[in-house]
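Given as structure tokens, the chain that follows is alone and in the form predicted on its own.
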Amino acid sequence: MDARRSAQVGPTDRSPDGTLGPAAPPAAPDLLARIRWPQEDNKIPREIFTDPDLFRLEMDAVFTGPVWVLVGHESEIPRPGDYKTFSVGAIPVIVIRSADGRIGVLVNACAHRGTRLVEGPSGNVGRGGFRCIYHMWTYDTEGRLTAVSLPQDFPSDFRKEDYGLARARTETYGGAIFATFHDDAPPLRDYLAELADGLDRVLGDGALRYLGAISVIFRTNWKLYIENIYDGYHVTALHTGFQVVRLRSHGGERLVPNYERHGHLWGRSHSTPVDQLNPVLRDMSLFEVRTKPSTDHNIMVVFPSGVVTDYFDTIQMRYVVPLELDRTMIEFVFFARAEDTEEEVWHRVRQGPAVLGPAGAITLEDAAALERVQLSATARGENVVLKGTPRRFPPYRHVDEAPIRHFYQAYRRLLGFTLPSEDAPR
């Protein structure tokens, strides 16, 4: 089953310009009160991973809050009419390149009776547009209603221009496509803040070549997957594949750009050159770096759910889609640079899934660990973040877990939880 199909449309309001804005999140003082969040910013109540009411509130307050959600890259939809389906929190969307080449994000629900218009992960809409199977209403690539069936006996004031598909605000940076459903989200460049410097290193001018994608469902809450990216501490402890070949990250730091507000992550370091690794494989070229002058790598989280990384020669985005309280879809998407030789492209194709794919040298272990964390979250109490916390503000060492605190500060602000006081213990 295509995991993206399980999300449902959330409560929304249509604004006069056709954009879709979230309805006000339901009043939740009882919900917030029953989840006791300690004043210490390094303690995380386990109830936030097991409370179904909180999960539903997150879909409004976080994913349709004043944030920008990474939904794709322009190279995934290179031709007019190309589209991919996605979910922004619980809202199913169509990421589309329109007939004139512009990128848009349309809500995947007919304006008539709410039928999902598009099934499947991707395709090209062609000249016919999107046609609803239920009553045969048809929309063009801009989301405009172009035809209806049997319009006899419609109200006299019916106008097709009043029934276009709802849209998200859409902006791109370095070819990466971002969407927001909130009028108060700042311009994308302001939202990215200092993280833009890291994205420039990975995305360049945006001229990437889409290589393919692999989707997998983790049996864990979406926040546990995201906080794992902020955690540099687990890398040498958990990932035995790296231990076997004696692969290490050297130097570097973990930044939390604009941590007082948005809580993004930028981790940067460099890895062991292939000629210094333990040659336990007959072919160690899997770990070679052929397309750049050093083994420097970057990993970034665009809060709340987008991951961008370059590791060895792998250029990758990960789209994190919450499905249920304890089920999260991760879409691993791989890219090459437009100027790569065919030999370099095939090196990236081989290396990406084997090292950073869902069955690669890292992700299987992450999946196992995060499922265990999810299963034990019913024990209540708090998860505790320790390594690196004596340093109160970023940057942190690349082996620290302290940046997790800033992810949850941004999260708590959006949900309405009381933030830790300045003099709270850490």
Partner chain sequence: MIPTGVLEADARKQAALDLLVRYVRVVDDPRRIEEWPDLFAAEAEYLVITRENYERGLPIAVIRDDSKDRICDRLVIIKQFWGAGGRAEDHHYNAGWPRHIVGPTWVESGDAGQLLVGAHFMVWSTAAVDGSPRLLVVGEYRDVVDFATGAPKLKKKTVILDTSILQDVFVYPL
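No experiment lies behind these values; they were computed from the predicted model shown. Numbering follows the first chain given and starts at 1.
Form predicted in complex with the partner chain: not shown, discussed below.
Engineer: Can you tell me which of 209-217, 93-101, 186-194, 128-136 lies within 4.5 Å of the partner chain in the model of the complex, counting heavy atoms only?
Structural biologist: Of the stretches listed, the one contacting the partner is 209-217.
Engineer: Check each of L364, V399, L57, I35 and return the one that places a heavy atom within 4.5 angstroms of the partner chain in the model of the complex.
Structural biologist: Contact check passes for L364.
Engineer: State the residue from V274, A147, L325, V349 whose non-hydrogen atoms include one within 4.5 Å of the partner chain in the model of the complex.
Structural biologist: None of the others qualify; the residue that does is V349.
Engineer: Would F287 count as a contact of the partner chain in the model of the complex, using a 4.5 angstroms cut-off between non-hydrogen atoms?
Structural biologist: Within the cut-off, so yes.
Engineer: Within 4.5 Å, heavy atoms only: does E343 come near the partner chain in the model of the complex?
Structural biologist: Close contact is absent here: in the model of the complex, E343 is far from the partner chain, nothing within 4.5 Å, heavy atoms only.
Engineer: Using heavy atoms and a 4.5 Å limit, would one call A338 a contact residue for the partner chain in the model of the complex?
Structural biologist: Judged by the heavy-atom cut-off of 4.5 Å, A338 is well away from the partner chain in the model of the complex.
Engineer: Is P353 close enough to touch the partner chain in the model of the complex, meaning at least one heavy atom pair within 4.5 Å?
Structural biologist: The answer is yes: P353 has a heavy atom within 4.5 Å of the partner chain.
Engineer: Taking the partner chain in the model of the complex, which residues of 362-382 have any heavy atom within 4.5 Å of it?
Structural biologist: Result: L364, E365, A367, A368, E371, R372, L375.
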